[in-house]
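First comes one chain, alone, set out as structure tokens in the form predicted alone.
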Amino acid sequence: MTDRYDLAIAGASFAGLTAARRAAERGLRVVVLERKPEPGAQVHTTGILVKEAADLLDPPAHLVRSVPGVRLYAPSLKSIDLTSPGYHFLTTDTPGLLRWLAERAVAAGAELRLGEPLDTAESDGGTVRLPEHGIEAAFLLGADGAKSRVADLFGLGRNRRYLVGLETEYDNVGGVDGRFLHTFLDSRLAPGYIGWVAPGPHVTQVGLACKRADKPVLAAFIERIGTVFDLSEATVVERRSGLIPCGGCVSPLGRDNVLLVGDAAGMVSPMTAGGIFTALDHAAAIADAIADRQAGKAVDPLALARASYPRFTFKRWMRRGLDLGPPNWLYNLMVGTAPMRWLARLVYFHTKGLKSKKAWREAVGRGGS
């Protein structure tokens, strides 16, 4: 027996669940296939939301913590504090947040099938068939992560460049100023990226990421930050690791009625490694386009994806610079200077950062804020 759907989605991810909810709200029959036994199991993300993502989600208060600023540390552990009026981040109970997203998608009418990995699929350009699951669908959306099975099955673009991230969640970490995301520049411990200490809603997240060619050593980072924070009474709650795409959006993004979104599409900033906001925003837009197409409108969801997915041109160039591994002496020299404050605020606060030439001159003139 075969079930017919308007949209099948591989992956109960931020992107997949957002698309499922939006499409179901538009009246489509939607099914989500997730290989894990429950949403949020074995997560591979820190789950830190920028303000724009938080505004889109409006998550429950018990699953998040508002953090208004960033404290940026040089390798010497000299630090600067960065804020932007009206801006904040949300650290999250990521497994809980994904379960909440799944509940919202199901409440909207989407069907969620857990413990069902997508292994085989085929398309004739008009119908996608998932024979092992007894599913036929008008569209298939690959929201199944950096190593997308949908991309493999349909010969779509694949992520080729990655960062490798490790993170441990702790109870009882002392000395963490909850007003800040604590981020650490160090080309020896975190070549190509950063280390971080993030005050979460219930735990403290301590992590490190670096270029895939290098192996992150979280123990060395924890030893280093022991002079800043008190981990003497800390207990491990959970450990996680994963690959973070950093090469920009893949090509091709889709074929006919099969599309990629989120990490599967490489929709992650090559500079900051942030991808939740773009995943949410574009997943909803693609779901709307599919709903319009199913309603008979002259809309091409794949063309929309090609036109609207971020190109990350500037950030890909910045990624190349980070991959070169700026020496620690240069980081030590730059942290605290007005140009470094300007650049850091631009990176961390996006459209709320200082972007204009006038703002640059003002920052250089008064030393930032």
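Just count from 1 along the sequence shown to find any residue number. Because the structure is a prediction, the values reported are computed rather than measured.
What comes next is about the form predicted in complex with a small molecule, which is not displayed.
E116 belongs to the set of residues with a heavy atom inside 4.5 Å of the small molecule in the model of the complex. Contact check for R29: every heavy atom lies farther than 4.5 Å from the small molecule in the model of the complex. In the model of the complex, A15 approaches the small molecule with a heavy atom inside 4.5 Å.
In the model of the complex, the small molecule sits within 4.5 Å of a heavy atom belonging to R35.
Checking A279, I290, C210, V206 against the small molecule in the model of the complex, a heavy atom within 4.5 Å turns up for just one residue: A279. Contact with the small molecule in the model of the complex, judged as any non-hydrogen atom within 4.5 angstroms, is confined among 182-190, 260-268, 246-254, 71-79 to 260-268. Contact check for P95, R99 and P199: none of the three has a heavy atom within 4.5 Å of the small molecule in the model of the complex.
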